[in-house]
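So here's one chain in two forms, each on its own in structure tokens, numbered structure 1 and structure 2.
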Structure 1
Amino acid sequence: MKKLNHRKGGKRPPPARQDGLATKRQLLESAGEIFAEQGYARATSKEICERANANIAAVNYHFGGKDGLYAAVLEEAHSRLVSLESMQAAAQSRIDPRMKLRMFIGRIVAEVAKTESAGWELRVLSREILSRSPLMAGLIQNQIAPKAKLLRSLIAEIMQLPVEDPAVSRSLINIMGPFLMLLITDRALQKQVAPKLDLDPQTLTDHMVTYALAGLEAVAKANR
């Protein structure tokens, strides 16, 4: 009897690989939710796997353990806030640098100005900022530092100053500071500190861009 050659004819999809990718994505989402709710120390791989409907060994298989999973969650959260690829694409474009800054600020404002119904990404990052873990080092190296470098170059271009000028780094802090405040403080505290604060994304973006550009111009004039 002739043996059937299953390789001939129509190609079969690779279900094992597809299932593996789906499991990895579900683990990442479930872990993000649990880390946001409980923090890194209290969350367990068992609970994450149960929520993801995955085998208990899946965390080790896909991420090498809880530490690897948490590191992946941090990087995913920061990438969703503003991706390194989008910043690199903007940096390489021929758009006016002031417009690039508006695009960058607008993207972050759209995320940090969300209500409490926002996803787990901002809550995970705010927890990590307030209670730093050893896994923060990887986030800084892979996400924060490269993005800060691109933003410093953009600020230097707007100010017409060398990127190494201390005024450029100080200006970076001035621009990023408000985002940290919005990220780590809850809405109740924000309303107490600034009762009339308008978190409409377009209004807030317009204000922050106007304020940033005016400040950059004044500082640049004083340092040239």
Structure 2
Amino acid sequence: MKKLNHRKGGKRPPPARQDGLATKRQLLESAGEIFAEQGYARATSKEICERANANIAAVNYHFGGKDGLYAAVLEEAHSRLVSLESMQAAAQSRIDPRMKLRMFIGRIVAEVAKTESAGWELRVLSREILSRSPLMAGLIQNQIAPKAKLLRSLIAEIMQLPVEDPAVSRSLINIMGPFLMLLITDRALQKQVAPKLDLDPQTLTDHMVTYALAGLEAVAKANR
């Protein structure tokens, strides 16, 4: 069979070196989006590279493989989000715990609002949490667990219950669950389940805070 369009001796198009770091960053960005959309298993290096205008081999060259790229994405996502330090600082200040809760919820709402357009950071992390991959164990230990602990003390303070009280842990689920749900479901599904959902940050924050404070109060009263 004769091969058409096969220029044997002709010059290849020039690769044009554009400083490596540029492709590396683009790769990281596309990977973030695609991993967030599809999860690790479904995402393919090919698609990531196409979106980043890079050759498939670039994944290996810059990150050592798909695994390495994924790890880099998780790290990046994590480093772009609220730092543990800032949470600790806020926790130690002496303002009203209810106000602290409002600030905390405000932060999360701001992130949730970004979802879809920009903001793949929280979505990759949520996905990763659900997928229970070995990579996650470390992230949980280093980042999630300490943050959860701070949040538990805050809740306990508001409820005027000891931190070890099971009601405190349960209430944490009540507060975080809705955000997890908003994060991991897409807009289309949200429309079907909860039409007219108003996601304006200010409105949403007010709603969540009001609901949470009332819930905490009621549960606290029932547990004393």
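Keep in mind the model is a prediction, meaning the values are calculated, not measured. Each residue is numbered by where it sits in the sequence of structure 1, with counting from 1. The term rigid core refers to the most C-alpha atoms you can superpose between the two forms while keeping them within 1.5 Å.
- Note: the form predicted in complex with another copy of the chain is the second of the two, structure 2.
- Core-superposed comparison between the two structures: the C-alpha position of Asp198 differs by less than 2 Å.
- Relative to the superposed rigid core, Ile108 undergoes a CA displacement smaller than 2 Å between the two structures.
- Once the rigid core is used as the reference frame, the Cα position of Ile140 differs between the two structures by less than 2 Å.
- Here Glu47 exhibits a Cα shift of 9.8 Å between the two structures, evaluated on the superposed rigid core.
- Core-aligned Cα shift between the two structures at Glu33: this is 4.6 Å.
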